[in-house]
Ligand SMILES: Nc1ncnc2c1ncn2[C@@H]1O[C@H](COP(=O)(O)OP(=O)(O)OP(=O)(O)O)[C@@H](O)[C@H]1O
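Take a look at this single chain, the form predicted alone, given in structure tokens.
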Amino acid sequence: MLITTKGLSKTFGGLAAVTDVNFSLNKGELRALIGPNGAGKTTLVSLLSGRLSPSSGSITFDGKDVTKMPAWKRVRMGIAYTFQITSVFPQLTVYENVATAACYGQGINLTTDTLVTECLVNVGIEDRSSIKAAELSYGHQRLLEVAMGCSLKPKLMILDEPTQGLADSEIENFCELLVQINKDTTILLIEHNMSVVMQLARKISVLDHGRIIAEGTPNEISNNSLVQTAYLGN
């Protein structure tokens, strides 16, 4: 297993956002995490990445207990997280954004320029390398975030709503990109676009009211009555 949680919970005051989650992800997987709005998906991945500290439970990544480890150390260990709301450096150029991430993750070395160019080419925005990030469309800022994540050469890439703001043609290219990334990197994908989920994920975990209510193949999840109730309220 690449990452495992046991009894993972997070409360905010009296609100339980994530409750007693036992979750595991194998190396090489492309797993989707789905659930209705407010299910706790972003809270869960924020716990995995270290942006939030759990109220109880434990997290093991690559054989090490990282429960109390800060986010920056988890990045160095190989966890990259792209946010639901874009988090780029708006006044830096596209190139500078990726170079900053690459230097943080890899250190400044002679391969940085090659790595940055490779990441920009892979996500299809190399022709915008000299443009300030603030001048990009929202969809292209999402792609820039993915390029920044790839530059870290992560073991695990967590993508929170990555196709939000992308045009249909861009989504098709993005799905092809994720397949390529998944050859070297484990991916955990939070996504509301169910056609993307069904196309990409080999396994799906479903979160509702902070608890995992089902896990299985796309076909199994599609036919699961608990999942249908969570989404449709039947």
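Here the structure is a predicted model, which is why all the values come from computation and not from measurement. Counting begins at 1, following the sequence as shown.
Although it is not shown, the form predicted together with this ligand is what the next lines describe.
Peer 1: Would you kindly say which of A17, V21, A214, L25 lies with a heavy atom within 4.5 Å of this ligand in the predicted bound form?
Peer 2: Checking each option against this ligand in the predicted bound form, the one that comes within 4.5 Å is A17.
Peer 1: Check for me: heavy atom within 4.5 Å of this ligand in the predicted bound form, for each of F89, K132 and P154, yes or no.
Peer 2: Per the other structure, none of F89, K132 and P154 touch this ligand.
Peer 1: So which of 36 to 44, 62 to 70, 171 to 179, 193 to 201 is the stretch with heavy atoms within 4.5 Å of this ligand in the predicted bound form?
Peer 2: Every other range fails; the passing one is 36 to 44.
Peer 1: If we check this ligand in the predicted bound form, which of the residues in 149 to 179 reach within 4.5 angstroms of it by a non-hydrogen atom?
Peer 2: Contacting residue: only E161.
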